[in-house]
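Given as structure tokens, the chain that follows is alone and in the form predicted on its own.
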């Protein structure tokens, strides 16, 4: 019986990327339980056999999606080169980036919601996600130290707590936008409301960090 031909490396990378992109859409739209391998294969222009060639099962594929999702946002944050900026501008840039990224990538929020329903059981198996996120916290810590040394920022700020607060200010507003808009009878999704929200976040975080002069 003849052995299957080896797939060229470039084609492997392209096919894997197409499967990951399709899986990201499927999982973000339907959650882990509702996502179907058949649909992912069809979306990617592949087939189930090929999909299982790259990922052994649905759980492994979802983990790969989550790892890719975290790596993508961390890479985009790294491209900001925050350490090249004045501490205050670096914080402004991080807040604006987080807000814009969440707005442009609602699938990121949907995937996080899904994984939290599983108590992070998939990403607990990852050897990479912690590494992606630790770099950001190290960068933020350096910004805080610089700001403190320049007598701009208060001391004793935990960079992890600060980042969680920045992310939460965007995350809660966007993931609960429909209910908030309905309950408070105010359209919080229109462009004007979103501009006001971003400025409010910047004012809130810098108001906490900045020393009064």
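Residue numbers count along the first chain shown, from 1. Heads up, when I say rigid core I mean the largest set of C-alphas that superpose within 1.5 Å between the two forms. Given the structure is predicted, the values throughout are model-derived calculations rather than measurements.
The form predicted in complex with another copy of the chain is left out here; the points below concern that form.
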property	result
is_contact(residue 172, another copy of the chain) in the predicted complex, heavy atom dist at most 4.5 Å	yes
Contact flag, residue 113 vs another copy of the chain in the predicted complex, heavy atom cut 4.5 Å	yes
Residue 117: touches another copy of the chain in the predicted complex, heavy atom cutoff 4.5 angstroms	yes
Another copy of the chain contact at residue 18 in the predicted complex, heavy atom, 4.5 Å	no
One residue of 149, 182, 47, 57 in contact with another copy of the chain, assessed in the predicted complex (non-hydrogen atom, 4.5 angstroms)	182
In the predicted complex: members of 159-191 within 4.5 Å of another copy of the chain, any heavy atom	160, 161, 162, 163, 164, 165, 167, 168, 169, 171, 172, 173, 175, 176, 177, 178, 179, 180, 182, 183, 184, 185, 186, 188
Exceeds or equals 2 Å, Cα of residue 188 between this form and the one not shown, core fit	no
